[in-house]
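Heads up, what comes next is one protein chain in two forms, each shown on its own as structure tokens, labelled structure 1 and structure 2.
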Structure 1
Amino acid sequence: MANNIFVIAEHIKGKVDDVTYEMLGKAKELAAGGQVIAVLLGSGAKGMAGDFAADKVLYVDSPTLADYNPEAYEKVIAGLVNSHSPNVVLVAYTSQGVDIAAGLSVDCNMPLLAYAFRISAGSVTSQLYGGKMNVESAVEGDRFIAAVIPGSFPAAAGKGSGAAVEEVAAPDLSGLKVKFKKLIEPAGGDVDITQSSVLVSVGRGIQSEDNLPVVQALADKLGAALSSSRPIVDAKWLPKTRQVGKSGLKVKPKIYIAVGISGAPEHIEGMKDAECIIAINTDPKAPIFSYAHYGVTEDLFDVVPALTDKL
């Protein structure tokens, strides 16, 4: 049966996020003869749709949509979903997507399946408990919303050209309770991990702040920067400028060594585009191994010093 698929485009500071292309590529598979319809909101942002692999782009232009506003975005998208009645709505499981998805589910009376990384015509598989459990959910009926974990599908499949852009008038956005004031970016730190070609990243498996020098020694031998997952920053063992992940920084190093990191979706979002991922974790079922090119399931306190000595 043909399906019409909505893909909610995500962008910030004039750049389309790769997860948008990932969802467009997956939508082409799911459409089965139906239409792939990208939804783009912004102000003067029409040109962003130039390489969308979609049958059509619905573009809503308004000064209120120039910067992300969850209340405004949800109101506009809900109106489009209710008027076009797509079978499936794909939204990214990101900070923006999480803001939108639940309210959209209520406003459009469509079931929501979050943490999605595998989608078929009748089911959605989600990663739960930090990626330690995969749950397949059957979908009743033919309409649902899926919040997709970035990195789940290849981005290249969602890039193309020639999609027809249909401009849609924005609804009345006056009287919003949420106002965008300004974007506050993290202050610069002693190291810009986004510019490092090699990163050694440490997670909860390090156990204690006193053990950080073990990993720092490896980073020093490699000429690498030391980065971390969120628990390390929350514990104040490293500054926020070293955090990789959804609430930290996105990095694309040539080599990313994950030491004692389980691989929660929020962390994967920040480092999935590394050219080579090497994981050290004693748990063979840790989600990080689904993304790693190389891995070892030995104790990091044995492996890391041995690597350092070898180097």
Structure 2
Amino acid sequence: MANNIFVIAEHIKGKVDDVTYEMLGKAKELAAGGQVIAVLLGSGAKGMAGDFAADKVLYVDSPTLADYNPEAYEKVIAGLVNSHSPNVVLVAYTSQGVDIAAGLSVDCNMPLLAYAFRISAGSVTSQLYGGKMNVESAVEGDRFIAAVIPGSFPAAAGKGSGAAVEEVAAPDLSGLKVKFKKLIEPAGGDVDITQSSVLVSVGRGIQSEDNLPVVQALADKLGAALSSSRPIVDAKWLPKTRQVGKSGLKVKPKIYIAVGISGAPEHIEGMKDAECIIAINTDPKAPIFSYAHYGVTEDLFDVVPALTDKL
């Protein structure tokens, strides 16, 4: 059956996010002869759709849409979904998409499946429980929204020579209760972990700030930078600049040594493309071992100092 598929394009600082192409590629497969319709919002941003592999691009231009604003974007996108009635809407499970997807579900009365990484007609598989369980859901009816985990599908299939752009007038966006003010970039001055060919990355398993020297010693021996998963940064044991993952940095070092990191999907998103991943974690069921090339379940406090000595 032919399906019309909406793909909500995402961009930040003038650049289209890779997940947009990943979703476009998947949409082509789901459309089965129907149309892939990319939805792009922005201000003077029409050109961004130039390499979208889509049948059509709906473009809405307004100064208010120049930067993402949850209230404005939802209003515009919900209007388009309601007027075009696509069968499937693909939204990225990103900082922007998390606001959009659930909002559309209510405003457009469509089922939503979150944390989606596999999608076929009427069935969506979500990654739940920090990556420890997958759940396949059957959708009632034939329309649904999927919030797609970045990195789930290849981006190449979503790149093409562009499509006919249909400009749609923006609805009235005055009187919004949420106003975008500015983007704040992280303070520089710290090491750039994306440039390091070897990373020693530390997670909750380190237990206490007092134990950081154990992993720092290994990093020093390897001439590597010390990076971390989110909880270490939230606890302020390391600066934000060291965080690997969804809301941190994406890294592709030659060697990534994950110490005491379980491998929640948000972390995996930032490091799964490393050339060689070594994971040290006492929980043999930890999701990190599904991505690692080499795994160790011995206590990090025994293995890491021993390894530091051997190098």
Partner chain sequence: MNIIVPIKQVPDLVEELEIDSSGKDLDREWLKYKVSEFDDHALEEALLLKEAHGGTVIAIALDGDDIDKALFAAAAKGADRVVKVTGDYAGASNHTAAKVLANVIGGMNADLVLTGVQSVEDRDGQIAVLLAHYLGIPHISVVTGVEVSGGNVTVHKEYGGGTVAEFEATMPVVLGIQAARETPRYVPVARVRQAMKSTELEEMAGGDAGVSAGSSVSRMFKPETGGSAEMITGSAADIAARLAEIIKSKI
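So that the term is clear: the rigid core is the largest set of C-alpha atoms that superpose within 1.5 Å between two forms. None of the values given here were measured: they were computed from a predicted structure. Start at 1 and count along the sequence of structure 1; that gives the residue numbers used here.
- Of the two forms shown, structure 1 is the one predicted alone, while structure 2 is not.
- Core-superposed comparison between structure 1 and structure 2: CA of Q216 displaced by 2 Å or more.
- For G295, the Cα coordinates differ by 2 angstroms or more between structure 1 and structure 2 after the core has been superposed.
- Core-superposed comparison between structure 1 and structure 2: the C-alpha position of G33 differs by less than 2 Å.
- Aligning the rigid core leaves the CA of A306 displaced by 6.1 Å between structure 1 and structure 2.
- Overlaying the rigid core between structure 1 and structure 2 leaves the Cα of I257 displaced by 3.7 angstrom.
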